[in-house]
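In the block that follows, a single chain appears as structure tokens, in the form predicted alone.
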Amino acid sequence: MSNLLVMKFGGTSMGSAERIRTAASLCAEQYRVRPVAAVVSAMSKVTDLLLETLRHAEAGDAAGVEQRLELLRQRHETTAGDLLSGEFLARILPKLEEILGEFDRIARGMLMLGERPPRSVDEAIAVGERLSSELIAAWLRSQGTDAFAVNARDIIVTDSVFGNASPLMDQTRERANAVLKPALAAGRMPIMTGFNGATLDGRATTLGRGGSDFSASILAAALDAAELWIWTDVDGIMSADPRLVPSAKVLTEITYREAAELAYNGAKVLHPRTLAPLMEKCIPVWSKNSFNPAVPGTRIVPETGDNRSGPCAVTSMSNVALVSLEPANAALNGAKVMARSIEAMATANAELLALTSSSYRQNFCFLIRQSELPAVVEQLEQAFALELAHGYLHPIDVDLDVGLLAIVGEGMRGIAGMAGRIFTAISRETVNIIAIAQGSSEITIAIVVRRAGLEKAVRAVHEECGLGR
């Protein structure tokens, strides 16, 4: 379908009746001139409330479950009452109650079992998106737009990795073409849930970090959309975190590769998995602010039209851990230790943020998120149980007092002295560099520093590279 626009709204953009009206108005405005499909997140904080309810269920806290179920019901029924009236309100309330009843059933089942099966968790936490999709679709209908809610589990087909599923694009494309294209051709607007899908045999799944954005990119690729607009609560992708660097500016345009590197290294940009389906189809993406829609935002494209030199942005992460391994015996092959360590990280489903090694001592270190540390250490201890027990490998060393600084830009390729300028700027702030990693693509320089010096290093590099307003 030519000129199809897919629009995605995050939790803050769906956080209240007022925000839902704004999101709906943005959809309706574009719907007047071209076909539109939307993807929505749960209302802000609702997913946290759902997960908290399930934790209380697992712990056997019936009163805690009941209290949170009531909070969930009150928030959505109040929002419905603020949005709608008359027959539209009368029609939506039973639908909301039906969805809430499904969550109630799952939560009480976990309360009886005293555990949270991953498959049931995936089914339960998609309830937030289902509720918000029904609300915005009902509001659009009340304003004369033929919108309808779509549960993504009926469209997005995934593998069976519960909690972090990946799409099966061929099967997803078939379902999207069968279910959504006829509706779009008839002038209807589908409002699909973000974050969730289902296996071929119908078992509910979720898509992990950045799941709602990922849902939108999957839908855009499956329907061969002309554009994808991601609506958030910021004016676009910035040259640095404005809380750390007041002079940070909104980037007009960046490449898929730059956006992926920024996201991977902590920036609130589209997750790298989100970009993958779009890159194959060369579908441009706009990052826009639903609180300030007049601002153009940032465009993400395969290649930029300018000839930038140097980096485009600097980002950072503080909740990281530096894990170091070192053979204690020369007979232990360092390359094999590294290979087995990376395999252990993959088993723990952890993302490797940076990796450095030394040639003589065969020691190496890698950076991961602190949230992934327990699973990684567990897998490493299992993988090297024999070597650790007999002293062939020094005890695994974990340093939590570190932060990651990443400088990103296609324009850094082949620029002599760029790394030296960056290191000098950091050293002027008396910040010690612990580890450095740079790939042969030269798009990113990743630097590990002490956490206390991280913010100073970000500001120093941002200023040195002239990235501010």
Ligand code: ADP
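From 1 onward, residues are counted along the sequence shown. The shown structure was predicted, so the numbers you read here are calculated from the model rather than taken from an experiment.
If you look for the form predicted together with adenosine-5'-diphosphate, you will not find it shown, but the lines that follow are about it.
A.B. asks: In the predicted bound form, which of the listed residues (338, 350, 301, 234) lies with a heavy atom within 4.5 Å of adenosine-5'-diphosphate?
C.D. replies: Looking at 338, 350, 301, 234 one by one, just 234 meets the 4.5 Å heavy-atom criterion.
A.B. asks: Taking heavy atoms only, is residue 109 within 4.5 angstroms of adenosine-5'-diphosphate in the predicted bound form?
C.D. replies: So residue 109 does not count as contacting adenosine-5'-diphosphate.
A.B. asks: Any of the heavy atoms of residue 12 lying within 4.5 Å of adenosine-5'-diphosphate in the predicted bound form?
C.D. replies: Yes, residue 12 lies within 4.5 Å of adenosine-5'-diphosphate in the predicted bound form.
A.B. asks: At the 4.5 Å heavy atom threshold, is residue 152 in contact with adenosine-5'-diphosphate in the predicted bound form?
C.D. replies: No, residue 152 stays farther than 4.5 Å from adenosine-5'-diphosphate in the predicted bound form.
A.B. asks: I'd like to know whether residue 390 contacts adenosine-5'-diphosphate in the predicted bound form, with contact meaning heavy atoms within 4.5 angstroms.
C.D. replies: Result no; residue 390 lies far from adenosine-5'-diphosphate in the predicted bound form.
A.B. asks: Please name which of the stretches 70-78, 341-349, 167-175, 241-249 has residues with heavy atoms lying within 4.5 Å of adenosine-5'-diphosphate in the predicted bound form.
C.D. replies: Of the options, only 241-249 has residues within 4.5 Å of the partner.
A.B. asks: Who in 255-275 is close to adenosine-5'-diphosphate in the predicted bound form, meaning a heavy atom within 4.5 Å?
C.D. replies: Sequence-ordered list: 267, 268, 269.
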